[in-house]
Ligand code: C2E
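A single chain, nothing else alongside it, follows as structure tokens in the form predicted on its own.
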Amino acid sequence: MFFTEILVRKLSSSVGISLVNSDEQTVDDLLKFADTAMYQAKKEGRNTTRFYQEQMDQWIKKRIFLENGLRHAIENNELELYYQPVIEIESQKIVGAEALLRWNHPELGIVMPDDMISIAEESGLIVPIGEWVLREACAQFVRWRCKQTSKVHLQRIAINVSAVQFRQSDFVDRVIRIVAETGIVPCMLELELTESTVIDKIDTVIDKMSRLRNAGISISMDDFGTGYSSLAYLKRLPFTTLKIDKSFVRDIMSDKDDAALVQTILSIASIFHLEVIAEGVEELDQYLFLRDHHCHYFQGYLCSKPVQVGSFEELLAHDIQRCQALY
């Protein structure tokens, strides 16, 4: 029996195992199979063990296929940003957007982030792709601001930042340079970081976040409550916004624990003077619950799914009338 093991942060590991089941199998074959199983273990969340199965080869082949295509996606103009409106609950107006990446693959069609981000991170491609996303989103936001009417009040553009991207030594310098080159008002740019991004090398994280905040750039904690949430982080890290994960919002009307958790997050945010955006709002009752408990903003299908630039501009042109009709 052969296996490969990759250490992932201290004591966690992803293990791939292959069993000898044929006299024709060589040592190289077994090592390759174990490596394939290890990648499957990493794909399924890390810190786990997987035995090799033949169908795993198909996943590896697809991964290699996607990685090779992703290397040329920027130069081939295959990447595109979709935008989901951010709604201010008090005014019921669109006040911002979250930029979300899509890949228009020439053979597969639209490839969603879940199918490419991990590949981009492991291959290092997330760095140039992340920089493209940042530049494109900032430039588009500036274009919207330049031609907005008196009924449109765009105040923020949110952009997801990968942990790999954030850990680059020159990350802050790159962001500040793009802000200057695109002309976006720094406080209107909001970088979204996950909890897993900020728990490692805390002093370095604080330094980077402080430099971003000193430059006027806003920072939100994405999916708050789903990982290693700690009041100590909110005390030490200069966040401006908390985003309540859609998994908590989904059942706030039927699950007392989720309702209590959302209320607690809103109370914590108020104490720390943080804004709150609730994600995944799909039903009127969810919106009313958030409104009654003083949540500031929401995103979700109740207003709009992520849409292309043209469709987002149509939403802006009608202000927030399609949402107002529901209320």
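Everything numeric here is computed off the predicted structure, so don't read it as measured data. We number the residues from 1 along the sequence you see.
In what follows, reference is made to the form predicted in complex with this ligand, a form of this protein that is not presented.
Out of the listed residues Arg174, Lys246, Lys93, Arg145, Lys246 is the one that sits within 4.5 Å of this ligand in the predicted bound form by at least one heavy atom. Of the residues Leu101, Ile252, Ile217, Ala73, just one reaches this ligand in the predicted bound form with a heavy atom at 4.5 Å or closer; this is Leu101.
Between 269-277, 296-304, 64-72, 256-264, the stretch whose residues reach within 4.5 angstroms of this ligand in the predicted bound form through a non-hydrogen atom is 296-304. Relative to this ligand in the predicted bound form, residues Leu79, Leu189 and Met221 are all farther than 4.5 Å at every heavy atom. Interface membership of Val133, defined by any non-hydrogen atom within 4.5 Å of this ligand in the predicted bound form, is confirmed. Contact between Cys138 and this ligand in the predicted bound form is not found at the 4.5 Å heavy atom cutoff. In the predicted bound form, this ligand lies farther than 4.5 Å from every heavy atom of Leu290. Not displayed here, this ligand is approached by Met112 to within 4.5 Å at the level of heavy atoms in the predicted bound form. Residues of 171-190 are not found to place any heavy atom within 4.5 Å of this ligand in the predicted bound form.
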